[in-house]
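What follows is one chain in structure tokens, specifically the form predicted alone.
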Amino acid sequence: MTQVMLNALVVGTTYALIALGITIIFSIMKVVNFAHGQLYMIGGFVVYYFNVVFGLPFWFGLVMSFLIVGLLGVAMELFLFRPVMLRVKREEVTMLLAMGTAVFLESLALLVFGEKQRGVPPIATGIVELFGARLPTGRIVVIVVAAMLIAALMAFIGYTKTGRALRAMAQDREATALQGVNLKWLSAMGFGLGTGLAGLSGGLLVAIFAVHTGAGTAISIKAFLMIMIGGAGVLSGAILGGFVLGFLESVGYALLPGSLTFLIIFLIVICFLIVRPNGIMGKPWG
């Protein structure tokens, strides 16, 4: 069980980063970004190419994964979502646009990167024993980096002027605009921040798991599970949802055949949502 808990901690910290990204986008744009998993996949490939193909340090590739995928997110907001949202008010239109974007990105990645799985060399060597369980040093590094990134993001959202503006925009766009905030710039920045976190998560996890062009769909499904568990639009709920899913996944893979794990998880989430449809930390009013 100690080994399971440590594995859950590794997966949960990176899952929390993924969930935070999609929650930021949903909060400020009211857009369900179905392409979030594909952006995660692109982040993993960015790190692979910078680290393995170009021979640059892993950490440089990780920074570039945030910047490149973040800029891709800004472009998506400026040229895809913003024009559609200015013309159409129905939410299902943006959902279809996000689904189409996900299919396009996955098909483009398959064309560019091919079908092979890609990985990077270990970012640290050795094994650490904790309470009788063993954990590779590389995974400990991933836990620490992910936890630091989560803490930095929460500090940014909670204590900086831009972070407070993002929170205000998520609560009331009209009132925020009346305070002189540039909503167009803030929307693009928030969308880029959310997608950048997806790329950063993909870049971190490629140090543990190989990345391939079909990885995005599974990650998108997991991202929605996390925000449904924690509560849509709640940052602390996204973090909690990431750790809960990481724990359920680790326990499932330890005790059940792989094919049954997510079947059981889906059943648990369905039963949970029947009892608490707003998630653990969500509220009936949003």
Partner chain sequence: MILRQQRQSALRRALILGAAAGALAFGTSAYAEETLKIGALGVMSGPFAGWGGVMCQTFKSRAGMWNDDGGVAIGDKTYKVEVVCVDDKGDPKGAQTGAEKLVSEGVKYIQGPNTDSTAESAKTVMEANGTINMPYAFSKSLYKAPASQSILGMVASYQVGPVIYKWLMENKGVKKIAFVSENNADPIKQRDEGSAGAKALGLEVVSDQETYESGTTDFFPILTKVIGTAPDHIVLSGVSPSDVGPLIKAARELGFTGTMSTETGQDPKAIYEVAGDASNGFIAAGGASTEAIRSDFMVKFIERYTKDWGEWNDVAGLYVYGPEIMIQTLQSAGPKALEDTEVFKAALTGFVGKNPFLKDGGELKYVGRTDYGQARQVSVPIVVQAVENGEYKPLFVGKLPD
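Numbering follows the first chain given and starts at 1. Just so we're clear, the structure is a prediction, and the values are computed from it rather than from any experiment.
One more form of this protein, predicted together with its partner chain, exists but is not displayed; see below.
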Can you pick the stretch from 208-216, 169-177, 147-155, 184-192 whose heavy atoms fall within 4.5 Å of its partner chain in the model of the complex? 208-216
Using 4.5 Å between non-hydrogen atoms, is Phe26 touching its partner chain in the model of the complex? no
Although its partner chain is absent from this view, report whether Pro257 comes within 4.5 Å of it in the model of the complex, heavy atoms only. yes
Counting only non-hydrogen atoms and a 4.5 angstroms cut-off, does Leu67 reach its partner chain in the model of the complex? no
Distance check, Leu86 to its partner chain in the model of the complex, heavy atom within 4.5 Å: no
Taking its partner chain in the model of the complex, which residues of 29-55 have any heavy atom within 4.5 Å of it? Tyr40, Tyr48, Tyr49, Val52, Val53, Phe54
